[in-house]
Ligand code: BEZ
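Quick heads-up: it's one chain on its own, the form predicted on its own, in C-alpha coordinates.
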Amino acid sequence: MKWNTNLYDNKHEFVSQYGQDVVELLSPKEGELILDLGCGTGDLAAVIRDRKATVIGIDSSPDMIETASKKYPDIQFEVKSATDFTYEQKFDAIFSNATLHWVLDYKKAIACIYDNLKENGGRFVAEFGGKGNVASIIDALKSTLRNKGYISNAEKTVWYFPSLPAYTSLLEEAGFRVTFAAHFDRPTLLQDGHGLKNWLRMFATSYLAGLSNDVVETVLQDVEDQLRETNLKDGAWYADYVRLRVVASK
(Lines give C-alpha, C1' and ligand atoms only; values in the text may rest on other atoms or scores of the structure.)
Protein backbone atom coordinates (compact mmCIF):
# COMPACT_ATOMS: atom_id res chain seq x y z
CA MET A 1 0.00 0.00 0.00
CA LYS A 2 1.36 3.41 -1.02
CA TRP A 3 0.66 6.14 1.53
CA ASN A 4 -0.14 9.78 0.78
CA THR A 5 1.89 11.31 3.62
CA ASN A 6 0.65 14.85 2.95
CA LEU A 7 -2.97 13.73 3.28
CA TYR A 8 -1.99 11.75 6.38
CA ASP A 9 -0.34 14.71 8.12
CA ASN A 10 -2.75 17.43 6.99
CA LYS A 11 -6.15 15.74 7.23
CA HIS A 12 -5.59 12.82 9.63
CA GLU A 13 -3.39 14.27 12.33
CA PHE A 14 -5.87 12.88 14.86
CA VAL A 15 -3.96 9.57 14.55
CA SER A 16 -0.97 11.07 16.34
CA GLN A 17 -3.05 13.31 18.59
CA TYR A 18 -4.99 10.40 20.04
CA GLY A 19 -1.72 8.50 20.33
CA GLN A 20 -0.54 10.95 22.98
CA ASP A 21 -2.63 9.02 25.53
CA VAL A 22 -0.85 5.82 24.56
CA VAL A 23 2.51 7.51 25.13
CA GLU A 24 1.33 8.39 28.64
CA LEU A 25 0.48 4.72 29.15
CA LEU A 26 3.96 3.84 27.92
CA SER A 27 5.48 6.34 30.36
CA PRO A 28 8.91 6.45 28.71
CA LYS A 29 11.82 7.01 31.06
CA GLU A 30 15.11 8.75 30.54
CA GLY A 31 17.71 6.41 29.11
CA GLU A 32 15.28 3.74 27.95
CA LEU A 33 15.57 2.23 24.48
CA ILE A 34 12.12 2.20 22.85
CA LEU A 35 10.92 0.99 19.46
CA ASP A 36 8.04 2.83 17.80
CA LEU A 37 6.48 0.09 15.68
CA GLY A 38 4.55 1.59 12.77
CA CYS A 39 5.90 5.07 13.40
CA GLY A 40 4.20 6.70 10.41
CA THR A 41 5.56 10.20 9.87
CA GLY A 42 7.34 10.21 13.22
CA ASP A 43 5.30 12.53 15.44
CA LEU A 44 4.94 10.13 18.37
CA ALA A 45 8.55 9.00 18.11
CA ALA A 46 9.44 12.67 18.62
CA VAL A 47 7.23 12.80 21.72
CA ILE A 48 9.03 9.75 23.12
CA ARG A 49 12.39 11.34 22.32
CA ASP A 50 11.35 14.47 24.17
CA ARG A 51 10.90 12.31 27.27
CA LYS A 52 14.67 11.68 27.12
CA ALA A 53 14.35 8.09 25.90
CA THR A 54 16.26 6.78 22.90
CA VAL A 55 13.74 5.88 20.22
CA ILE A 56 13.97 4.03 16.92
CA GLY A 57 11.03 4.22 14.52
CA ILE A 58 10.17 1.54 11.99
CA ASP A 59 7.44 1.38 9.37
CA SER A 60 6.84 -0.85 6.36
CA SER A 61 6.12 2.22 4.19
CA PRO A 62 9.17 3.87 2.56
CA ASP A 63 7.05 7.00 2.03
CA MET A 64 6.30 7.27 5.75
CA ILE A 65 9.93 6.72 6.70
CA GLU A 66 11.16 9.26 4.16
CA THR A 67 8.79 11.90 5.55
CA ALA A 68 9.63 11.03 9.18
CA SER A 69 13.37 11.29 8.49
CA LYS A 70 12.93 14.72 6.96
CA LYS A 71 10.78 15.96 9.85
CA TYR A 72 12.99 14.54 12.60
CA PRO A 73 16.53 14.01 11.26
CA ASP A 74 17.89 13.36 14.78
CA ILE A 75 15.80 10.17 15.16
CA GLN A 76 16.71 6.82 13.61
CA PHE A 77 13.98 5.65 11.24
CA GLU A 78 14.08 2.45 9.20
CA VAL A 79 11.88 0.60 6.73
CA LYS A 80 11.03 -2.68 8.42
CA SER A 81 8.04 -5.00 8.65
CA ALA A 82 6.17 -5.63 11.90
CA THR A 83 6.55 -9.34 11.26
CA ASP A 84 10.24 -9.36 10.39
CA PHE A 85 12.51 -7.10 12.41
CA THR A 86 15.39 -7.83 14.73
CA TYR A 87 17.87 -5.76 16.71
CA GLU A 88 20.98 -6.92 18.52
CA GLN A 89 20.16 -4.72 21.50
CA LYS A 90 16.81 -5.60 23.06
CA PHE A 91 14.28 -2.88 23.83
CA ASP A 92 12.99 -1.73 27.19
CA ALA A 93 9.64 -1.19 25.47
CA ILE A 94 7.95 -1.58 22.13
CA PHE A 95 5.24 0.98 21.44
CA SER A 96 2.67 0.89 18.66
CA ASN A 97 -0.20 3.21 17.81
CA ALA A 98 -2.80 2.68 15.05
CA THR A 99 -0.67 0.11 13.25
CA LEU A 100 -1.29 -3.48 14.25
CA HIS A 101 -4.72 -3.70 12.63
CA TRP A 102 -2.85 -3.51 9.31
CA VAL A 103 -0.80 -6.62 10.15
CA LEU A 104 -2.71 -9.68 9.00
CA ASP A 105 0.01 -12.11 10.10
CA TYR A 106 -0.62 -11.05 13.69
CA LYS A 107 0.84 -14.13 15.37
CA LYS A 108 4.17 -13.55 13.65
CA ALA A 109 4.09 -9.89 14.70
CA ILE A 110 3.47 -10.82 18.34
CA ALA A 111 6.37 -13.30 18.26
CA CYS A 112 8.65 -10.69 16.72
CA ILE A 113 7.69 -8.12 19.36
CA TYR A 114 8.32 -10.61 22.16
CA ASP A 115 11.72 -11.65 20.79
CA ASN A 116 12.95 -8.04 20.59
CA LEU A 117 12.08 -7.09 24.18
CA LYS A 118 14.41 -7.34 27.16
CA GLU A 119 13.94 -10.32 29.42
CA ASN A 120 12.06 -9.92 32.70
CA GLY A 121 10.13 -6.72 32.28
CA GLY A 122 10.41 -5.58 28.69
CA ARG A 123 6.99 -4.10 27.97
CA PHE A 124 4.65 -3.88 25.02
CA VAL A 125 2.21 -0.97 24.86
CA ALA A 126 -0.17 -0.65 21.92
CA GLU A 127 -3.45 0.71 20.66
CA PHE A 128 -5.11 -0.26 17.40
CA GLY A 129 -8.49 -1.05 15.90
CA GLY A 130 -10.53 -3.59 17.85
CA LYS A 131 -13.58 -5.65 17.04
CA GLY A 132 -16.28 -3.44 15.50
CA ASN A 133 -13.86 -0.73 14.36
CA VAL A 134 -15.31 1.47 11.57
CA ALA A 135 -17.96 -1.21 11.02
CA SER A 136 -20.52 1.17 9.53
CA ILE A 137 -17.99 2.51 7.01
CA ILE A 138 -16.75 -0.93 5.99
CA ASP A 139 -20.28 -2.28 5.60
CA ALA A 140 -21.34 0.67 3.46
CA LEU A 141 -18.22 0.47 1.30
CA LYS A 142 -18.51 -3.28 0.72
CA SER A 143 -22.22 -2.99 -0.03
CA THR A 144 -21.57 -0.28 -2.60
CA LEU A 145 -18.78 -2.25 -4.29
CA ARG A 146 -20.95 -5.38 -4.50
CA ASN A 147 -23.90 -3.46 -5.89
CA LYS A 148 -21.68 -2.03 -8.61
CA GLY A 149 -20.29 -5.44 -9.50
CA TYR A 150 -16.83 -5.11 -7.96
CA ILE A 151 -17.11 -8.33 -5.97
CA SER A 152 -13.38 -9.10 -5.68
CA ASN A 153 -12.73 -5.62 -4.26
CA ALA A 154 -15.50 -6.01 -1.70
CA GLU A 155 -14.21 -9.40 -0.54
CA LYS A 156 -10.68 -8.26 0.26
CA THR A 157 -9.35 -8.71 3.79
CA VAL A 158 -7.61 -5.44 4.64
CA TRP A 159 -7.63 -5.18 8.44
CA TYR A 160 -7.40 -7.32 11.57
CA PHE A 161 -9.78 -6.08 14.27
CA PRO A 162 -9.65 -8.59 17.16
CA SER A 163 -11.76 -8.80 20.28
CA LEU A 164 -10.13 -8.18 23.65
CA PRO A 165 -10.16 -11.83 24.79
CA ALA A 166 -8.89 -13.06 21.42
CA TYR A 167 -5.89 -10.73 21.36
CA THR A 168 -4.94 -11.00 25.03
CA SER A 169 -5.05 -14.78 24.70
CA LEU A 170 -2.61 -14.58 21.79
CA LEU A 171 -0.28 -12.43 23.88
CA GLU A 172 -0.40 -14.87 26.77
CA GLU A 173 0.23 -17.83 24.46
CA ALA A 174 3.36 -16.03 23.20
CA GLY A 175 4.67 -15.66 26.76
CA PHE A 176 3.43 -12.20 27.70
CA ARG A 177 1.76 -11.25 30.96
CA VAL A 178 -1.09 -8.90 30.12
CA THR A 179 -1.37 -6.22 32.79
CA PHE A 180 -3.96 -3.94 31.18
CA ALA A 181 -6.46 -4.25 28.35
CA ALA A 182 -9.40 -2.11 27.23
CA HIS A 183 -11.84 -2.27 24.32
CA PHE A 184 -13.74 0.99 23.90
CA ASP A 185 -15.73 3.15 21.49
CA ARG A 186 -14.05 6.34 20.31
CA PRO A 187 -16.15 8.21 17.74
CA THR A 188 -13.59 10.25 15.83
CA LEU A 189 -14.18 13.61 14.20
CA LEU A 190 -12.99 13.73 10.59
CA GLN A 191 -11.69 17.04 9.31
CA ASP A 192 -13.83 19.31 7.07
CA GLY A 193 -16.93 18.60 4.99
CA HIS A 194 -15.14 15.96 2.93
CA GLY A 195 -13.89 14.08 5.96
CA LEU A 196 -15.45 10.73 5.13
CA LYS A 197 -14.23 10.75 1.53
CA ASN A 198 -10.76 11.80 2.68
CA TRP A 199 -10.74 8.96 5.22
CA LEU A 200 -11.64 6.45 2.52
CA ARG A 201 -9.00 7.82 0.15
CA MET A 202 -6.43 7.59 2.93
CA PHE A 203 -7.18 4.25 4.53
CA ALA A 204 -9.39 2.23 2.18
CA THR A 205 -7.30 2.37 -0.99
CA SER A 206 -6.97 -1.43 -1.11
CA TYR A 207 -10.72 -1.71 -1.62
CA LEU A 208 -10.56 0.85 -4.44
CA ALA A 209 -7.54 -0.60 -6.26
CA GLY A 210 -7.97 -0.93 -10.00
CA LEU A 211 -11.02 1.31 -10.20
CA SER A 212 -11.04 4.38 -12.42
CA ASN A 213 -11.13 7.81 -10.84
CA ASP A 214 -14.74 8.28 -11.97
CA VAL A 215 -15.81 4.98 -10.42
CA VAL A 216 -13.97 5.76 -7.18
CA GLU A 217 -15.75 9.11 -6.90
CA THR A 218 -19.11 7.43 -7.49
CA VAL A 219 -18.35 4.78 -4.85
CA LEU A 220 -17.30 7.39 -2.30
CA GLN A 221 -20.42 9.43 -2.96
CA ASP A 222 -22.61 6.37 -2.48
CA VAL A 223 -20.91 5.57 0.83
CA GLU A 224 -21.44 9.16 1.95
CA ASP A 225 -25.11 8.95 1.05
CA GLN A 226 -25.55 5.71 3.02
CA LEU A 227 -23.89 7.10 6.14
CA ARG A 228 -25.26 10.63 6.14
CA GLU A 229 -27.92 9.94 8.79
CA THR A 230 -25.63 8.05 11.17
CA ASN A 231 -22.13 9.48 10.74
CA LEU A 232 -22.81 13.14 9.90
CA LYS A 233 -23.53 15.24 12.97
CA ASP A 234 -23.97 19.03 12.88
CA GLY A 235 -22.23 19.16 9.52
CA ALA A 236 -19.21 17.12 10.63
CA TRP A 237 -18.33 13.56 9.68
CA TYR A 238 -17.42 10.98 12.33
CA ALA A 239 -15.79 7.57 12.00
CA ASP A 240 -17.07 4.91 14.37
CA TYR A 241 -13.68 3.96 15.80
CA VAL A 242 -13.47 1.14 18.32
CA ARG A 243 -10.04 0.78 19.89
CA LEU A 244 -8.17 -2.01 21.60
CA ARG A 245 -5.49 -0.88 24.06
CA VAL A 246 -3.08 -3.30 25.75
CA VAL A 247 -0.08 -3.31 28.08
CA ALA A 248 1.90 -6.51 28.47
CA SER A 249 5.28 -7.46 29.89
CA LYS A 250 7.81 -10.16 29.03
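Fair warning: this is a prediction, and the values are worked out from it, not measured in the lab. One-based numbering along the sequence shown.
The following text describes the form predicted in complex with ligand BEZ, which does not appear among the structures shown.
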Out of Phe161, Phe85, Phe176, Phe91, which one falls within 4.5 Å of ligand BEZ in the predicted complex, going by heavy atoms?
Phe161
With the partner omitted here, the residue among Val103, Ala98, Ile137, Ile75 that in the predicted complex has a heavy atom within 4.5 Å of ligand BEZ is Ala98
Can you check 214 to 222, 26 to 34, 53 to 61, 195 to 203 and let me know which stretch has heavy atoms within 4.5 Å of ligand BEZ in the predicted complex?
195 to 203
Exercise: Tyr241 in contact with ligand BEZ in the predicted complex, heavy atom 4.5 Å:
yes
I'd like to check something about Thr144: if you look in the predicted complex, is any of its heavy atoms closer than or equal to 4.5 Å to a heavy atom of ligand BEZ?
no
Is there a heavy atom of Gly129 lying 4.5 Å or less from a heavy atom of ligand BEZ in the predicted complex?
yes
Should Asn153 be counted as a contact of ligand BEZ in the predicted complex, where contact means heavy atoms within 4.5 Å?
no
